[in-house]
Every structure is written in structure tokens, then in C-alpha cells.
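Shown here is one chain on its own, the form predicted alone, set out as C-alpha cells.
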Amino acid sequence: MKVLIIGASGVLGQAVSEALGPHHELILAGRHSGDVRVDITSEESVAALFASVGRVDALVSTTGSLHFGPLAETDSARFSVGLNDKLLGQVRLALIGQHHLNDGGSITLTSGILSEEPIRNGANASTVNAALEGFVRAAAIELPRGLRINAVSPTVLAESWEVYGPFMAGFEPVPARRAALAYRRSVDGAQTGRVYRVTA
């Protein structure tokens, strides 16, 4: 299958590429690197991405920025970081991408553990991740032509613990290669409307 991976240069994206690479033809996309470039916050950029790569069998997104900070110091502009990037960016990939998938193709988005386990300074992440999971469940009942959509919800990655560990006391990280297995389940499996949770 031809699989388009957005966010392929990140820690998670690299692990997903390694998990899928031996089994599929990969097209790697990112904002600053990869086979093709894309800015998921731009409708025009996402449309240009799909015009460039043509039809694919699977779309995988491992990208998206969030705002972390005290709620008392968060204004709408800061909160919009996650809404416009990780949430709407991935929804945009799905909305446009569905028309460029072959019959029976799949979409896999990335949410995260904070949808179910909120932390201090993480209201933006919890909101965005929960909304993505709701979108996946709803979209799954409407997609035509046998198309599937799922989300992967990983806990904090071991490779990112130095950055996110201070926010996540008591959480146990997992290696990115383990989280990547859930993306393979989504791409190569048969289920739709699922949220694959990766925890320690």
C-alpha cells in the first residue's frame, strides 16, 4: 500500500515510518523536511500536498502543536494554538484527504493520554485530544467507499520525557517504537472509529 505519513521527521513519526516501512511504500511529509512539505494549519498547503502525491491507500498523522501553561495565564490566543494546529490541522487532513484515498483506505490521527488523564497546565491538550477522538468516532459512521478512520492515543514517549516529564509526575513513558505498533494496527487492520490507547 502507499502510505502518506505527516509529521514523519518527529520522534513518533520516525518510529511509525520504521514500523510501516518494511511493509508499505511510504511518502514522508513535514513542515520543514520529507519527500513533500505541508503546513497543516493551511487549507491551501494541505490541498497542494494531496494534489502533489496523488491517490494513497492510507494517511497517517503524527503531528500537531499544543499550548501548555497555567489556566489562569491562558488567553484565547494561546488556547488557539492547539485548536488551530493539532485539532483543526488533523481534521483538515482528514476532510481533504478522504477524497484522495483509494477505496478501503484508512486515516489514522494522533490524540494523546491527556484526553482521559488531565494534568496541571494541560487544559489545551486535554481539550484538543478529546475533540480529536470525538471527531474520529463520528467520522467513522459517515465515511464512504469502505474508508476507515482511527486515532492513536499514546502516553508520554520515553524519548520526550526530558521535555514533558516535569508536567507528568507519576506517568510511565513508553518507547516510540511501542507506540508505533498501534499505527500499524490501524493501517493494516480492519477496524474503524477506534481509539488505540498506548499506555505503560
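Throughout, we count residues from 1 along the sequence that is shown. On a predicted model such as this, the values are computed, not experimentally measured, just so you know.
Quick note: we don't show the form predicted together with a further copy of the same chain, though the next part is all about it.
Residue stretch of 30-38, 154-162, 130-138, 58-66 approaching a further copy of the same chain in the predicted complex, non-hydrogen atom distance within 4.5 Å: Stretch with heavy atoms near the partner: 130-138.
Every residue of Leu49, Leu101 and Asp103 near a further copy of the same chain in the predicted complex, heavy atom within 4.5 Å: Zero of three within 4.5 Å in the predicted complex.
4.5 angstroms heavy atom contact with a further copy of the same chain in the predicted complex for Pro166: Heavy-atom contact with a further copy of the same chain at 4.5 Å: absent for Pro166.
Heavy atom of Pro70 within 4.5 Å of a further copy of the same chain in the predicted complex: Contact with a further copy of the same chain, yes.
Partner proximity in the predicted complex: Glu43 to a further copy of the same chain, non-hydrogen atom cutoff 4.5 Å: Heavy-atom contact with a further copy of the same chain at 4.5 Å: present for Glu43.
Partner contact for Glu172 in the predicted complex: a further copy of the same chain, 4.5 angstroms, heavy atom: Answer no; every heavy atom of Glu172 is more than 4.5 Å from a further copy of the same chain in the predicted complex.
Heavy atom within 4.5 Å of a further copy of the same chain in the predicted complex - qualifying residues of 71-86: The stretch touches the partner through Leu71, Ala72, Thr74, Asp75, Ser76, Phe79, Ser80, Leu83.
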